[in-house]
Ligand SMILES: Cc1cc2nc3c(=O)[nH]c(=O)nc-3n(C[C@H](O)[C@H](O)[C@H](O)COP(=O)(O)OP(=O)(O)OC[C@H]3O[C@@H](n4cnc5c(N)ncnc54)[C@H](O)[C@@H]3O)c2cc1C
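In structure tokens, one chain follows: the form predicted on its own.
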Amino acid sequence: MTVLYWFQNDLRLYDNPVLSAAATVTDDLIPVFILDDTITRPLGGAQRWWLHHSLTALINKLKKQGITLLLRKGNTQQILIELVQKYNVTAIYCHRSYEPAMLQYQQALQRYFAAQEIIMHLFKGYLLTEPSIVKNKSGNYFKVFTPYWKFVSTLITPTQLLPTPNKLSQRSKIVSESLASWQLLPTHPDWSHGFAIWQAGEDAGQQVLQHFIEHGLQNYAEDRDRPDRLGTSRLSPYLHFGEISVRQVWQVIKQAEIAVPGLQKGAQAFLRQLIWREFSYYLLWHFPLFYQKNFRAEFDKFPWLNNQSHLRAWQQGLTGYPIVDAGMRELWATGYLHNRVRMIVASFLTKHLLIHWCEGEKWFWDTLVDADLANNSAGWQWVAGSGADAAPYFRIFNPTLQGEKFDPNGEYVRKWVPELANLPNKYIHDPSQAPRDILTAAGIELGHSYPLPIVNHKIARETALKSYQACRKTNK
């Protein structure tokens, strides 16, 4: 029998239950990846860069086993129907999506093929738990993270991680589209030079996980808030594209916590972050428009501003607030942004500039290699105050104090805002307070070589709080 394996966000061979299941029932496996920008939100530019390199790694990995990955671009349903007919396929195997629009599409396909006597198997496995069955004591879904974390963490039990299938067979002669023809990589201009810090693919994901356990896990609880240190795992793009399984990450971290003295604090802090990922998908599952609509309806009447010059200054890292500008420049250069700085720049956009969180979410979607519909939406809504269990709106980060606390020696700012490199630590996070002679000695002319702050923190904070109070009164 000929089986079609539909790769999606599971671009790996190790611990891939769906692939393993398909491999046991066929001697003619046809793996396919379909690029279709019509079902769900089209991938952003940084994700497309990552996808190109991830598929390259997968193609080479399958080739070593004598398997050709079939690449097709276009309408998914039409392509699957064509392949089923062309290769006389008897079954389709794939992971179940947890993005509502994609899941509905998968289920519609499943019904269609069932009518044609073709079995389409939808396997769970992208998450640690199933969003549909996790409920609170009242039988409703959780809207607050901490009780969700406490409950869900009790549900996760160790399971056997599956080895890479040692025998994949393919009898059909496959003719694939060229990956280069998809033009996923930027060319005019090529803005991806800084992405060289990354290596996409399953093998790279395994190396990143091992490196984190050996060098980052012990101090993770403290270092994860320090953008001047390599204190985070940087596993997020590998998890997003499924180059490494979340259950492997969970189990390996749990094993390290038990086996190595001194890792408990760091391990628990990291596992909590994995459950935040689960919670984001859980919220998207129960609130399908989470990525474009306020979870808290009161924010539908918030008086957001449409200041395009402020938006561009934020996007380009030219706000006059060094920690914000460093973050936005790191994002553009590398496709990545430290989690603490993600919160700082998001707070600045929504609460200092009063620009709708959707504008920030869209920018992140296009510029992050790990842009994830659930995580990106949940993060922005949490900071903006409009989401589930969100930070109170009156929690408005002072970007200067945030920089002083989490980048105390200014190393992060100096790296990404080099025009400030010669400022002493005392002024590195607030150049506008530096005396003229200090600025001159550092080669800085505010308003020219580096911008003056585009808003005053104190005034912006007061304006944001008044706007929120007005919003609350309007909703009463």
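A quick note: this is a predicted structure, and the numbers were derived from the prediction, not measured. Start at 1 with the first residue shown and count on from there.
What comes next is about the form predicted together with this ligand, which is not displayed.
Taken together, the three residues Leu235, Leu337 and Arg342 all lie with some non-hydrogen atom within 4.5 angstroms of this ligand in the model of the complex.
In the model of the complex, Arg277 approaches this ligand with a heavy atom inside 4.5 Å.
Although the partner is absent from this view, Gln248 stays clear of this ligand in the model of the complex, with no non-hydrogen atom inside 4.5 angstroms.
Though the partner is left out of this view, Asn376 does reach within 4.5 Å of this ligand in the model of the complex, counting heavy atoms only. Put simply, Glu330 is far from this ligand in the model of the complex: not one heavy atom of it is within 4.5 Å.
Between the options Ile396, Met120, Val89, Ala346, the residue in contact with this ligand in the model of the complex by a heavy atom within 4.5 angstroms is Ala346. Proximity to this ligand in the model of the complex, defined as a heavy atom within 4.5 Å, singles out one entry of Leu239, Leu80, Leu283, Leu353, which is Leu239.
Note that among 362 to 370, 305 to 313, 149 to 157, 175 to 183, the stretch whose heavy atoms approach this ligand to within 4.5 Å in the model of the complex is 362 to 370. Shown here without this ligand, the chain has Gly379, Trp380, Val383 in 377 to 400 lying with a heavy atom within 4.5 Å of that partner in the model of the complex.
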